[in-house]
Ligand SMILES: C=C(O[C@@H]1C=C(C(=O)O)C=C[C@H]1O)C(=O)O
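This document opens with one chain alone, in structure tokens, the form predicted on its own.
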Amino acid sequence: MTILPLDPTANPTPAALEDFLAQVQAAARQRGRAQLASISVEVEALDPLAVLESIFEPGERHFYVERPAEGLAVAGAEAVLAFEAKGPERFAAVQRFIDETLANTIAVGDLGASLTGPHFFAAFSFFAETEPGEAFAAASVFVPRWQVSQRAGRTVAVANLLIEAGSDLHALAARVWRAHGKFRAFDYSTPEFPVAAGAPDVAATLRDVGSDGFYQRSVARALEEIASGEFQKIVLARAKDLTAAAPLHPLRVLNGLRQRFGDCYSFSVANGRGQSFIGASPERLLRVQAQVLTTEALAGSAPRGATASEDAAVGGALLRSEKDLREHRAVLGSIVRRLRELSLVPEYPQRPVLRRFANVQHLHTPVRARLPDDVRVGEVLSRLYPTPAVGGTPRAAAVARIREHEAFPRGLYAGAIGWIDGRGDGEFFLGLRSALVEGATARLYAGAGIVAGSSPEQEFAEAEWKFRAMQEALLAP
């Protein structure tokens, strides 16, 4: 990425903006290839979700993620560039697309600060190959035209433009200038969301995907395969289909998720064809910042108690549960082993602690490692994903069995969702506690890890209370 020593706030005029775009256009002509122009400006405090609400179009791609407990919120809308891939090399293909784009990017602004510059928002489905008719490709990535991000109280707006040899610079500059004026005096008008699915005058239906008892029978078969030594753990999911009498707006649901699940990644990823994958995920897959990699093992689950005493009792039982500790060790061991395969030196505590969320508590172990310059985010993703927390162990044997044990395609459920920026930093989380929304319908997903000692009835119940977050968010008035 080429960074020009220009401060867009020093001479904030349409003429200065057009002069910058002219420099980018000259580079496009010289190189014989379109160039990405990226302009980053710090702005007065904005709510990125409110910005996305103001520009939301169902026919445009968008990406949104917020983790209130960390002061993080990122919104991106409209695709300037997009790329899709599939197969076992999909992570490498996306990394190549990012590298090639950055080699033809010219940026201005304070690019040393967090969340500045072009971001590549990516979503990887659980399986490397998707089935016909699925909403998202096995790997998809896009650069947004507009991005608004907030971290620790600082707000940055980014405009990305694709400049070709024959681009109308005057029109492009005018468009960016109008957006700049809007961000400087943002109007927090109330969005008009449709009637909520659970309002008294609107009926909604909710049913399991698959026949009665299908999940319990799948768990029973998986336990037989575990007993025979085929694998030690497999994660099996359930799905529910919700149908409402009114359209379900993904951003209305997000408002509820971010308020209730401040420790989670509340997210929405739209494909530009009217379908959005939304949720509140508790699990970070990885973060790379200033050459430091952080990830985590989050496995072994229990519900929250109704009182402090009950909550403590349930949590204490989880910390002593041989079955849950075994499941947690499998996830942690896989993460550590795969990081060492990249010649990294992972650091982590020897005993897990409890990580509590609004409706569930998990066994949690944080993992940290220094990342050499020659190891990219895409390469780490390809090694870590899918973790035993969403697939199983051994990975190949367990993942190969999942499709025959589930009654639906997973799509982005338990997939890897996040971004990589122009500095090579990135952050990804798992698409858990989630739903695929289209019009008045939504498919909800939740799963559980099956190990020796699991019971079909208990795993069905675990998925049931994991469903609760999305059901309440979709049905809330």
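Numbering starts at 1 and follows the sequence shown. Owing to the predicted nature of the structure, the values given are computational and were not obtained by experimental measurement.
Just so you know, the form predicted in complex with this ligand exists too; it's not on screen, but the next bit is about it.
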Pocket accessibility when this ligand, as posed in the model of the complex, is superimposed onto this form, judged at 2.4 Å from backbone or C-beta: open
This ligand isn't shown here, but in the model of the complex, which of 448 to 456, 26 to 34, 435 to 443, 54 to 62 has heavy atoms within 4.5 Å of it? 448 to 456
So this ligand isn't shown here. In the model of the complex, which residue out of 386, 300, 109, 76 has a non-hydrogen atom within 4.5 Å of it? 300
From 123, 381, 235, 288: within 4.5 Å of this ligand in the model of the complex by heavy atoms is 235
With the partner left out of view, is residue 462 within 4.5 angstroms of this ligand in the model of the complex by any non-hydrogen atom? yes
Just checking whether residue 119 would be counted as a contact of this ligand in the model of the complex - the rule being heavy atoms within 4.5 angstroms. no
Using a 4.5 Å heavy atom cut-off, state whether residue 428 contacts this ligand in the model of the complex. no
Although this ligand is absent from this view, report whether residue 413 comes within 4.5 Å of it in the model of the complex, heavy atoms only. yes
Along 343 to 371, which positions have a non-hydrogen atom within 4.5 Å of this ligand in the model of the complex? 362
